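Next up: just one chain, as structure tokens, the form predicted alone.
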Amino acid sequence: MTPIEDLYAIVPAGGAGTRLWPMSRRSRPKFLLDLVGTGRTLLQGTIDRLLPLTGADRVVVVTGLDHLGAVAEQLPEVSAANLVAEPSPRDSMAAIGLAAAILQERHGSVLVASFAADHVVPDVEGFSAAVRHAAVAARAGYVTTIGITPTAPSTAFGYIRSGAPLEPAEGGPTARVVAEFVEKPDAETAAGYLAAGDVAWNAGMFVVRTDVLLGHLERLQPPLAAGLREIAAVWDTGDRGEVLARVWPTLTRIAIDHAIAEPVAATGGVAVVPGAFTWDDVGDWASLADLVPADAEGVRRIGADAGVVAVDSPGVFVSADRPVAVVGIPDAVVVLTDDALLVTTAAHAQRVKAAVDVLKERGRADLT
């Protein structure tokens, strides 16, 4: 596979993945885990599918200070200069914007593609084709996103509604103007979207020139843009620590969707290319269970095969290192670690974060 010569990859590796508690914790979030049993963590899998498009020297990973050591250990192919540590979480716009500003300081305006560190994409060829199509529209000045072709009327994702095709010279073979971004809908609305056929799931994948991204940011979020440029200007100097400590805590905390994608789409500046490849954001235990094949008894499991007994419990999912018996609980989810046990069902998997919130309220930081 031939790399895209002008493309740099930005990989935001943050968040705690609390809906995958108790396996995913603040100290060991889901992107550092091998959740699907491939022998590679989600972060390593992300880098594996990006390297053929960029090469190791054009991948920048943005992560928290607490996870920098683990990220460096898992990614020996990525140089220390391309591991960007943020002192505290300031949401996706600050993370992606800082990496883009650093790359522009180093190389001038370049093409960047941002992909989360904790998604599963088995179809690497389909993914690569979509990125190449997105690069064409991005070079023409569009903020370009890859919209995932929906397979069900999911309420777990935001949606992208597409409009007219771009001119061939601007958008390549598949790009269309984004008509609007839509927040996570209810089930009835999601079904209507799917029936209309002009929507895609918003997977938070963006391809854009750094000068375009930072230009939009200066117009829409001037203080944030100024702060990021100030930090980037000294990133490769001895002044980084002082400027970072002073400026970073003042930066606006906002997602790239709200800061850039939605307002720029309202003026016709965002394009979408279809991502007709298998994709999953592994957002909860139910979605992870869907990625794990069932055995002859219909049981889905990860980890050591310690023995699972399922009686009148179709669709059970278990992660445990000791025998587990589930009786009369369809679609049960049982996750056992050294210090915690989760018991829920697939229908309630999105609510696991509420349990983590209760533990925090009770002062059990050791469990979160």
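Each residue number is its position in the shown sequence, starting from 1. Computed from a prediction, not measured in an experiment: that's the story for all the values here.
One more form of this protein should be noted, the form predicted in complex with a further copy of the same chain, which is absent from this view; the next part is about it.
Heavy atoms, 4.5 Å, a further copy of the same chain in the predicted complex: which of 46-54, 60-68, 308-316, 26-34 makes the cut? Say which one.
-> It is 308-316 that comes within 4.5 Å of the partner.
**Report entry** residue 324, heavy atom within 4.5 angstroms of a further copy of the same chain in the predicted complex
**Finding:** Close contact exists here: in the predicted complex, residue 324 approaches a further copy of the same chain to within 4.5 Å, heavy atoms only.
Wondering, does residue 302 line up within 4.5 Å of a further copy of the same chain in the predicted complex on heavy atoms? Residue 302: no contact with a further copy of the same chain in the predicted complex.
Q: Check whether residue 297 has any heavy atom within 4.5 Å of a heavy atom of a further copy of the same chain in the predicted complex, and answer yes or no.
A: Heavy-atom contact with a further copy of the same chain at 4.5 Å: present for residue 297.
Taking any heavy atom pair closer than or equal to 4.5 Å as contact, tell me whether residue 352 reaches a further copy of the same chain in the predicted complex.
Looking in the predicted complex, residue contacts with a further copy of the same chain include residue 352, since a heavy atom lies within 4.5 Å.
ask   = Within 4.5 Å of a further copy of the same chain in the predicted complex: all of 348, 359 and 362, by heavy atom?
value = Yes, all three are in contact.
query = For the stretch 334-368, which residues lie within 4.5 Å of a further copy of the same chain in the predicted complex by non-hydrogen atom distance?
reply = In sequence order, 334, 336, 337, 338, 339, 340, 341, 342, 343, 344, 345, 348, 351, 352, 354, 355, 358, 359, 362, 364, 367 come within 4.5 Å of the partner.
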